[in-house]
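This document opens with one chain alone, in C-alpha cells, the form predicted on its own.
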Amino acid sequence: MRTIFATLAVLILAVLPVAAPWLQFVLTLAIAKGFAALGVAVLLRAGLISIGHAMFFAASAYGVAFLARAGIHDFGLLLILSVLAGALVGAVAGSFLVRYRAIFFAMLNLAVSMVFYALCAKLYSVTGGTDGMPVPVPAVFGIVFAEPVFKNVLFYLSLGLMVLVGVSVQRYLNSPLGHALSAVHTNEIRLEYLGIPVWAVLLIAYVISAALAGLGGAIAGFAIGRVVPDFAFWTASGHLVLIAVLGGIGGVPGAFIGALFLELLHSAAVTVTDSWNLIVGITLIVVIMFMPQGVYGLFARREVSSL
C-alpha cells in the first residue's frame, strides 16, 4: 500500500509543473530542502538535534560554484564532487561533535556552522562575500541546455534522485547500523556493553546526514543559480529542523512531505497577504499541536487504521 501511495505521489509531482509551470522552481527547491531535512531526521533518530546542518548545505553549494570556476562543467561530476565535499566537511566536524549529546551537541553544531557562515561572508576575495558566487548552467550528459530547459531537466533529475536516495536511506535505517542508531536514543550504555562502538555508529550517521544536506545544497545552487552566505546562516539550519519535525521522522517520506508542505504553504501565503509569516506560523502551530508525529505520521496512522 505504501509503495502505491508513494508511486502516485511521485507521478503527481512529475505532472504538476506541466499544469502549473511556476511550481517547477518551488518543487525543485522543496526537494533540495527535503534532502537536507532528511539528513537532520537521520540524526533525530538518535535523539540528536543539529542546529547547524545548513553548513553542509552551503558547503556543497559553494563546492559547485568553486568547481565550475575551476573549469568542471559536467552536471553529474559537479553533483558527485560537491556532495563528497559536504560529506568530507561532515567527517571532519563529526569526528569530535558526535562525542557530545543533548543541548551541547545542538549548540556546538550551531557554533561551528556560524564560524563557517562568517568565513563565507567575510572572505570576499574567495567567496564573493555577501554578493555570493554564480553557478553557471552545466552540461547534462554532454549537452548544454538553455537555462529554462536545464531547470526542467534539473527538476526531473531531482525527482529521480529523491526516489533513489530515499530508498537507499530507508535501507540504511532498516539495517543493523540504522537500528543501532535508534538504540543510541533509548539506551546508549547497553550498546557499549554489547561491544557496539557508539562513536563509530554516530559518525557514520553524521557523515551520511552531511552528504544528504550537501546533495540538497548542490541542487539548490543549480536551481537558484547563485550561492550566498545565507545558505549557512543559523535560521536556515532551524528551517531544516522545522521541516524534519513538521514532516515527521517516522519514515523517509516525512522530510520531503514537510518540505513540500512548507514551500507550497509559503508560496500560497505570499500571494494572499504581506503578513505571510502569520499564516505560516499559525499553520505550523496547528500541525505541531495536533499532529505530534508530523504530517507523515498522520498518513501512517490512517494506513494502519485501514488495515
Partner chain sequence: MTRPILEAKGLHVAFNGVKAADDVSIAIHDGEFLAIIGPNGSGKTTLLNICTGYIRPRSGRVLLDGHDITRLSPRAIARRGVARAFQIPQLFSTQRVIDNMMLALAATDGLWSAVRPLESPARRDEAKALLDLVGLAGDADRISSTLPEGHRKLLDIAVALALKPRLLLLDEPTSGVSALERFPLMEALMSALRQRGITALFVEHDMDVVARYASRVLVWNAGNIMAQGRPDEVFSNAQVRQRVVGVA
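Residue numbers count along the first chain shown, from 1. Note that this is a predicted model, so its numbers are computed, not measured.
Another form, the form predicted together with its partner chain, is not on view; read the next lines as being about it.
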Subject >> Proximity of E192 to its partner chain in the predicted bound form, heavy atoms at 4.5 Å >> reply: yes
Subject >> Contact of A180 with its partner chain in the predicted bound form (heavy atom, 4.5 Å) >> reply: yes
**OP:** May I ask you to state whether H73 is within 4.5 Å of its partner chain in the predicted bound form, using heavy atom distances?
**Re:** no
**OP:** Give a yes or no for G160: in the predicted bound form, does one of its heavy atoms lie within 4.5 Å of a heavy atom belonging to its partner chain?
**Re:** no
Original post:
Heavy atom within 4.5 Å of its partner chain in the predicted bound form: which of V137, I204, L81, A93?
Top reply: I204
Subject >> Segment that reaches its partner chain in the predicted bound form - one of 151-159, 213-221, 168-176, 85-93, heavy atoms within 4.5 Å >> reply: 168-176
